[in-house]
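Starting off, we have a lone chain in the form predicted alone, written out as C-alpha cells.
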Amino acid sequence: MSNDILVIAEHLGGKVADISYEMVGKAKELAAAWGGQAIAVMLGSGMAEQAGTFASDATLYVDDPALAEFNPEAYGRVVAALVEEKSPRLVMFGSTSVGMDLAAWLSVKKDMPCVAYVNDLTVEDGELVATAQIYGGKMAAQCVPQGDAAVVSVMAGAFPADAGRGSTAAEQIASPADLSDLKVRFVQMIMPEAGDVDITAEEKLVAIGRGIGSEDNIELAQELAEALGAELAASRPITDAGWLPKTRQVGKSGVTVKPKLYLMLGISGAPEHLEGMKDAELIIAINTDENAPIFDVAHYGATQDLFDVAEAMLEALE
C-alpha cells in the first residue's frame, strides 16, 4: 500500500469540472502529510490538453474511445484496475452523478470503506479524518475510515479550485482494463431545452425555494426580481412542482450559476442546491430556520418571514 492519493477527474463537453481541481488541491495537502503523491486521473478520449491542467504531483491520462463519454461500466473497470495497480491510500471522487455511480461500487469491489458527502478532510496523527454532511447538511459527522485505504466523495465547493489548477505533464497510457465487451454503451447526450432566459448568464438572481409556500406567492418574488433588475431562479422542489420551468432550476440536477447577486427566499441550502450557486459573489439568504445550512455559506442572512422581507425590500426599492 502506497501513501498516494488518486483523484478521479471529471469532464463534460471537453471541459474539466471545477470539482476536479478542488479535489486535486486538497489531495496535494493530504499526500504531503503522508509523504505520498497526489495523482490526478483523467479518463477520456482526445482530452490530452485538458489532462495537463492540474497542479497535481502526477497525472495519468487514460485515452480510449470507450471513455469519451461517461460510462459507469467502462470507468469502473479502469478505476478498479488502477487502484489494483497503484494501491493508493485514498481515492477521491466528486459527490456528483459520476461519484454516486462509482464511489460506493469501488468501495464494495475493493473492500474499502467509503465516506460520502465529504466537505472537509484532514490528517491527524497520520490518520485521515473526514467530515461529512448528513441530514441534508443540517449536521456534520466526523469519522476515521478503518483499514489501509479508503474512498471518499467530496462535495462541490468544499475546497478552493485554484489550488488544483496548474500545468503538469500528463502521462498518457492505454486502458489497463479490457473495454471491448461492455454491456453498457453511451447512446446520446440530451441537453435540456433552452428556456425563455439563460440564468447562467445573469448577474442578479432571486431564487425561491419550498418556503415560498404556494405557486400564487411567486408573484411577489417576481416583483422583487424585476425591481432589482434580476431574473427568477428556483430550487428543485419548485420546478418539480411545475411552478417554474426546469431551465430556472439551480443545483446539481439543474444549472450552475455565478451571479454577482444571489438572493434566496425560503431555500434551506441542501448540498445539491449549494453545488449550483456556491461561487456567487454575494449570497443573501432569507429563511426562518436559523439552523438552515444555507447560513453557513451566505454572506448575509435574515431569519425573518420571507414575505415581510420581500415587501420591505420592494418598498425601499420604490
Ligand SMILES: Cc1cc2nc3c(=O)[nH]c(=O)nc-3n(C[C@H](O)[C@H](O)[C@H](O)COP(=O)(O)OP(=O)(O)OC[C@H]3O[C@@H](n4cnc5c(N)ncnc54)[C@H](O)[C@@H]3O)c2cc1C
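One rule holds for the numbers: they count along the sequence shown, beginning at 1. C-alpha atoms forming the largest set that superposes within 1.5 Å between two forms make up the rigid core. Quick caveat, the model's predicted, so the values are computed rather than measured.
Below, we turn to the form predicted in complex with this ligand, even though it does not appear here.
Quiz item: Taking heavy atoms and a 4.5 Å cut-off, does residue 235 contact this ligand in the model of the complex?
Solution: Answer yes; at least one heavy atom of residue 235 falls within 4.5 Å of this ligand in the model of the complex.
Practice problem: Indicate whether this ligand has at least one heavy atom within 4.5 Å of a heavy atom of residue 272 in the model of the complex. | Solution: Because a heavy atom of residue 272 falls inside 4.5 Å of this ligand in the model of the complex, the answer is yes.
Quiz item: Does residue 252 make contact with this ligand in the model of the complex, using a 4.5 Å heavy atom cut-off?
Solution: Because a heavy atom of residue 252 falls inside 4.5 Å of this ligand in the model of the complex, the answer is yes.
Quiz prompt | Heavy atom of residue 305 within 4.5 Å of this ligand in the model of the complex | solution = Residue 305 belongs to the contact set for this ligand.
Quiz item: Do all of 5, 25 and 164 end up near this ligand in the model of the complex, with near meaning a heavy atom within 4.5 Å?
Solution: No, the whole trio is out of contact, none within 4.5 Å by any heavy atom.
Quiz item: Any idea which of 41-49, 264-272, 27-35, 62-70 reaches within 4.5 Å of this ligand in the model of the complex, heavy atoms considered?
Solution: Single hit among the candidates: 264-272.
Quiz prompt | Heavy atom within 4.5 Å of this ligand in the model of the complex - residue from 86, 204, 109, 210 | solution = Flagged contact: 210.
Quiz item: Hey, which residues along 280-318 are within 4.5 angstroms of this ligand in the model of the complex, non-hydrogen atoms only?
Solution: Contacts from 280-318: 286, 287, 288, 289, 292, 304, 305, 306, 307.
Quiz item: Would you say residue 262 moves between this form and the one not shown, meaning its CA shifts by 2 Å or more once the core is fitted?
Solution: Passes the 2 Å threshold, so yes.
Exercise. Superpose the two forms on their rigid core, then report whether the C-alpha of residue 292 is displaced by 2 angstroms or more between this form and the one not shown.
Key: The answer is yes, as the C-alpha of residue 292 shifts between this form and the one not shown by 2 Å or more after core alignment.
Quiz item: After superposition on the rigid core, does the Cα atom of residue 309 shift by at least 2 Å between this form and the one not shown?
Solution: Comparing forms between this form and the one not shown, the residue 309 CA shifts at least 2 Å.
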